[in-house]
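Form predicted alone, single chain, as structure tokens, below.
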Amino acid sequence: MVPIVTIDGPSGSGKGTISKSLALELGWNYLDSGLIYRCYAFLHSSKVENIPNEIEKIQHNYSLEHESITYQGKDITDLIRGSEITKLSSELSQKEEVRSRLTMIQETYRKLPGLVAEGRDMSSKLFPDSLVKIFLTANLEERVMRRANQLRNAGQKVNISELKNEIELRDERDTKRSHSPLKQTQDSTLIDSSSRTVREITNLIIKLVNEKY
């Protein structure tokens, strides 16, 4: 059995940072579900044919301090993480046929020695057999500021009011969509990251991993 930790939560909850920290600490594989959808949106907007095959050619290298996303030798990190692709990926994720295609890709990440999978339906849909399920959240103000800092670090201008509206709209889409909505499962552990450090949350999840696996 491949041990799996699933971490779900809304935009800006910190699930990306926590998941990377956990995967690096455990030496496990890491699935960034949101990145898969962003890559699909990027290729869709570029009118690339056979998108599922092309997604597998996109390279993702990361540490806690830095990440790089490359396609055909070109760095597309800022573009992938930018507001335009964010909006498009959210819209495309509402389509059942898109989710079905990308589900098959995501399931290939289930490999030894283990998997840390983060997204919005990892616990409820993709890996319901995971023994460690986390639902990560944070207050709206904190989530807005985290996303604003991410965009600024990518060299983009930020309008806080517009960004807040975008995040609220995405929350509504994710929680109310008919296919795999964002929700906390009954067997998930709720963690509020608003005032906790990455180290504290990572240690808490590792404790749960040691107990379950």
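Everything numeric in this text was worked out from a predicted model, so none of it was measured. So that the term is clear: the rigid core is the largest set of C-alpha atoms that superpose within 1.5 Å between two forms. Quick note: we count residues from 1 along the sequence shown, nothing fancier.
We do not show the form predicted together with ligand DC, though everything after this point is about it.
For the chain shown here without its partner, which stretch in 170-178, 43-51, 56-64, 151-159 has non-hydrogen atoms within 4.5 angstroms of ligand DC in the predicted complex?
Careful reading of the contacts points to 170-178.
Taking ligand DC as it sits in the predicted complex, is residue 130 in contact with it (heavy atom to heavy atom, 4.5 Å or less)?
Heavy-atom contact with ligand DC at 4.5 Å: absent for residue 130.
So in the predicted complex, does residue 143 come within 4.5 Å of ligand DC, heavy atom to heavy atom?
So residue 143 does not count as contacting ligand DC.
Is it the case that residue 28, even though its partner is missing from this view, gets within 4.5 Å of ligand DC in the predicted complex, heavy atoms only?
Judged by the heavy-atom cut-off of 4.5 Å, residue 28 is well away from ligand DC in the predicted complex.
Can any non-hydrogen atom of residue 122 be found within 4.5 angstroms of ligand DC in the predicted complex?
Residue-level check for residue 122: yes, a contact with ligand DC.
Indicate whether the candidate residues 38, 90 and 99 are all in contact with ligand DC in the predicted complex, with contact defined as any heavy atom within 4.5 Å.
Judged in the predicted complex, 38, 90 and 99 all sit within 4.5 Å of ligand DC.
Which of the residues spanning 57-82 lie within 4.5 Å of ligand DC in the predicted complex, based on heavy atoms?
Going through 57-82 in order - heavy atoms within 4.5 Å of ligand DC in the predicted complex - there is one hit, 81.
Taking the rigid core as the reference frame, tell me whether residue 30 has a CA displacement of 2 angstroms or more between the shown form and the other one.
False for residue 30: its C-alpha shift is below 2 Å.
How does the CA gap of residue 62 and residue 146 change in the predicted complex versus this form, closer or farther, if it moves 3 angstroms or more?
Compared with the shown chain, residue 62-residue 146 is farther in the predicted complex.
So the CA-CA distance for residue 62 and residue 208 moves by at least 3 angstroms in the predicted complex. Closer or farther than here?
Farther: residue 62 and residue 208 separate by 3 Å or more in the predicted complex.
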